[in-house]
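Okay, so here's just one chain, in structure tokens, the form predicted alone.
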């Protein structure tokens, strides 16, 4: 069996004990490597620029600048930015929603089991699936505006692209969407790229957030 490529990780949390626990869990896996730590949002930005990890586990509430601003700065200043996963205490926290809107690929609860943590890191680094799709949908539905402003991109989606966006929100991978729609994976990949371009989003998570904010997920 071909070994997994090593995933390089930066841990950003103002609590040393949290970073130590995360490092212990992740470093026990042969394909995961913690390459840096940060205790503040500003330090996280600096460490990520220096270490160039594949994944960042980012606390949302940190000194100097919070995880939301740190996420924005990282994504805005690196040409090939890492996948950022927000680590939080409460899944319905408005900070988490703001971080997802800022570009985070997903979120994890600090009380998550070790296996869930490891799986989440691997998922965001190696696959095209949405991390914990039901939780993202719930968070988006709760925090999206009750009366969303019309979004011009909704009218620009083709019927197929609309179907793909709804399946993306369910957490299906490109391969799963291809089977559901009875088309080839290359066709799905093209539709996903069109959805991201038309919604002006970076990845699946931001596309789902945009869909809820535009009222798209409630449309028939």
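Numbering follows the first chain given and starts at 1. Definition used throughout: the rigid core is the maximal C-alpha set that superposes within 1.5 Å between two forms. Here the structure is a predicted model, which means the values were calculated and not measured.
Not pictured, yet referred to below: the form predicted together with the DNA.
Peer 1: Applying a 4.5 Å heavy atom distance criterion, does residue 158 contact the DNA in the predicted complex?
Peer 2: Contact check for residue 158: yes, within 4.5 Å of the DNA in the predicted complex.
Peer 1: Quick check on residue 28: any heavy atom within 4.5 Å of the DNA in the predicted complex?
Peer 2: Residue 28: no, not in contact with the DNA in the predicted complex.
Peer 1: Taking the DNA as it sits in the predicted complex, is residue 192 in contact with it (heavy atom to heavy atom, 4.5 Å or less)?
Peer 2: Within the cut-off, so yes.
Peer 1: Considering only heavy atoms, tell me if residue 196 and the DNA come within 4.5 Å of each other in the predicted complex.
Peer 2: Yes, residue 196 lies within 4.5 Å of the DNA in the predicted complex.
Peer 1: Of the listed stretches (168-176, 66-74, 50-58, 31-39), which one has a non-hydrogen atom within 4.5 Å of the DNA in the predicted complex?
Peer 2: That would be 168-176.
Peer 1: Aligned on the rigid core, do the two forms place the Cα of residue 29 2 Å or more apart, comparing between the shown form and the other one?
Peer 2: Residue 29: C-alpha displaced by less than 2 Å between the shown form and the other one.
Peer 1: Just checking, between the shown form and the other one and with the core aligned, does residue 38 shift 2 Å or more at the CA?
Peer 2: The answer is no; the displacement is under 2 Å.
Peer 1: Superposing on the rigid core, does the Cα of residue 203 end up 2 Å or more away between the shown form and the other one?
Peer 2: The answer is yes; the displacement is at least 2 Å.
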